[in-house]
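In the block that follows, a single chain appears as structure tokens, in the form predicted alone.
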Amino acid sequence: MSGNSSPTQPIALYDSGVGGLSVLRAVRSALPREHLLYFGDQAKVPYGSRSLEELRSLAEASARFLLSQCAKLIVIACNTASAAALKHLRAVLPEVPFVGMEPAVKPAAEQTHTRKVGVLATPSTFQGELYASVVERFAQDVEIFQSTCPGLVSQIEKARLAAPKTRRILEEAVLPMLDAGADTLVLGCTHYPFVIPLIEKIAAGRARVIDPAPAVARQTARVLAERGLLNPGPDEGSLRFITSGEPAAFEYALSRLLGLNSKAEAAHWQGGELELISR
């Protein structure tokens, strides 16, 4: 068992906004007995254009806040934060088990027949060492096409999954990749799985889409098992949601994205730290 953690404590998931709910969905499916605590930093979304130093500061403060809420493991359910801060978090909080995101370039390289792969991600993810390392290790013989999909995170935050603007953003990103021969598309941002149905319509059978969330859920289960932290309880785990933005906006997205009618608590940034406030 890890430190003083108990199997009945929650798994925490952290993202810049609602994108990490795609990971929560996968974790909940794989580990239905686990209590889940989700924090969306909507006051600071989007993360994609923020500096490395700022991303590390936000991620560390968020991790410390989640530990104060008794998290036994923290999933950094954000590709941008994982790329910028996962190594830093493991250094400053070595006793805490972290699970991060990395672009699913390895399975894409294994599955592509044309040896051409499209990757959709934020600028920070593409510029990070993690992405470069994954490409170097697993995709040296693959031609990779990249797009940052400007504006897509904002559309998904507003739950505008099938809006004309959302389709236009995706067509501008995906169609050139398909025309160039890409037969596999990697989603390098946790927001993007919510528009998989639209991507598949645009691709019209020309490419498969890889959602990294199920692999993250499997890794979460492995880490918990290794540390003796799997919740043995017979009942379905609870869900708790916290946002640094407007709870009503988060609740609307939660309803639209996951079909959940759940309340969200509010946390505010105070001098570089997060403080839970009562509604």
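Everything numeric here is computed off the predicted structure, so don't read it as measured data. The numbering used is simple: start at 1 and walk along the sequence shown.
Another form, the form predicted in complex with ligand DGL, is not on view; read the next lines as being about it.
Colleague: Which residue among 117, 189, 75, 84 has a heavy atom within 4.5 angstroms of ligand DGL in the predicted bound form?
Modeller: Here the answer is residue option 189.
Colleague: Between the options 58, 37, 45, 224, which residue brings a heavy atom to within 4.5 Å of ligand DGL in the predicted bound form?
Modeller: Filtering the options by heavy-atom distance leaves 45.
Colleague: Please pick out the stretch from 60 to 68, 47 to 55, 233 to 241, 247 to 255 that is in contact with ligand DGL in the predicted bound form, where contact means heavy atoms within 4.5 Å.
Modeller: That would be 47 to 55.
Colleague: In the predicted bound form, does residue 155 have a heavy atom within 4.5 Å of ligand DGL?
Modeller: The answer is no: residue 155 has no heavy atom within 4.5 Å of ligand DGL.
Colleague: Should residue 184 be classed as touching ligand DGL in the predicted bound form when contacts are defined as heavy atoms within 4.5 Å?
Modeller: Answer no; every heavy atom of residue 184 is more than 4.5 Å from ligand DGL in the predicted bound form.
Colleague: With ligand DGL taken in the predicted bound form, which residues across 75 to 100 come within 4.5 angstroms through any non-hydrogen atom?
Modeller: Residues within 4.5 Å: 78, 79, 80.
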